[in-house]
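Below sits a lone chain in structure tokens, taken as the form predicted on its own.
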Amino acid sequence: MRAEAKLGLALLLTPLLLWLSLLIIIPHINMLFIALRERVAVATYETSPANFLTFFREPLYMWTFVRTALMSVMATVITLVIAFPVSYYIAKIAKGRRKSGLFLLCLVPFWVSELVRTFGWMILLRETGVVSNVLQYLGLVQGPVEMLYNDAAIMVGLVYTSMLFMVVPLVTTMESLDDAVIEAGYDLGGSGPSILREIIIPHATPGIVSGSIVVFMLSLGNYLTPTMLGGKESLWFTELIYSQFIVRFNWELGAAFGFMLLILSSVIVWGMLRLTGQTLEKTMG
């Protein structure tokens, strides 16, 4: 019986181990070897951390990462502010079909690819787009308004792309909050803001943290949305990585930038967990 249990466990873990090994661990190890190569002549390399040091020596690279990280944090905060009341309404107020319908509305945009969704925003925000035409029709502007290729357009795209990944953990966490606890808070004289501050938010903290981590990582590593909505001058870190790999064929520096993105984003997430007093076990639980 014990041998059968071990065999069953091995069969269950095999797909996971294959996925981790073939798609994550082995490619990252190979990318690390590439990042540690320094080209000294044609087809001649030597092991060196020079590519990593380039990140710190060139102010443009550092500034681009800082800018990307700050905008990703801003996108995470905006997503949380919008998703929290929506999630609370779905989890605690809406009932039956209305609850299912609202959750379905959050899910529907993800039935199409990110490329199609981004093109949709380009149609809305471009100079001859829907928003510009409506503003002109209402007399609020005198001529066409170009709303693309700026930070605001990037922020709209990032928030829209990430919304579901904030709503799902928040709804799941809030559904586990007993309605009797909220009613008890009102019975004891608590107001809406105090109950939100003392009961709802502390209970929803694991969902807030897990959703924020996912949204932050998705925003930080997003390539398509900043490129299409922000234009060529958007200064997004993933664009630098793409440029090194595809445009300049400098795989060594591109691999180093990819590792720096992984390391620095992990440090930021670790700092967020320490700041909120959470752990990965609590958050994932």
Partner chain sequence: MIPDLECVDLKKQFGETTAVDSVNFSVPPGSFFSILGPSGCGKTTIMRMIAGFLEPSSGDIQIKGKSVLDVAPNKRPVNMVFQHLALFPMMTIAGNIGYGLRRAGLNKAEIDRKVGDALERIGLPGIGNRKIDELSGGQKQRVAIARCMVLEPDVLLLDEPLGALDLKLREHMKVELKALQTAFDTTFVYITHDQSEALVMSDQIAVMNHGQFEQMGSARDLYYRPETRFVAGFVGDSNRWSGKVERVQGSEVELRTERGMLIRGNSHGRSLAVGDAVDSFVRPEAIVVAGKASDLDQFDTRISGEVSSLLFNGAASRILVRDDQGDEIEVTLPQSGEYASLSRGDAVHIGWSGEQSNCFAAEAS
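Keep in mind it's a predicted model, so treat the numbers as computed, not measured. Numbering follows the first chain given and starts at 1.
The form predicted in complex with its partner chain is left out here; the points below concern that form.
Residue contact with its partner chain in the predicted bound form: G139 places no heavy atom within 4.5 Å of it. Remark: E175 does not count among the residues lining its partner chain in the predicted bound form, judged by a heavy atom distance of 4.5 Å or less. The closest heavy atom approach of R197 to its partner chain in the predicted bound form falls within 4.5 Å. With a 4.5 Å cutoff on heavy atoms, P202 counts as touching its partner chain in the predicted bound form. For its partner chain in the predicted bound form, the listed stretch (150-158, 167-175, 71-79, 187-195) containing residues with heavy atoms inside 4.5 Å is 187-195.
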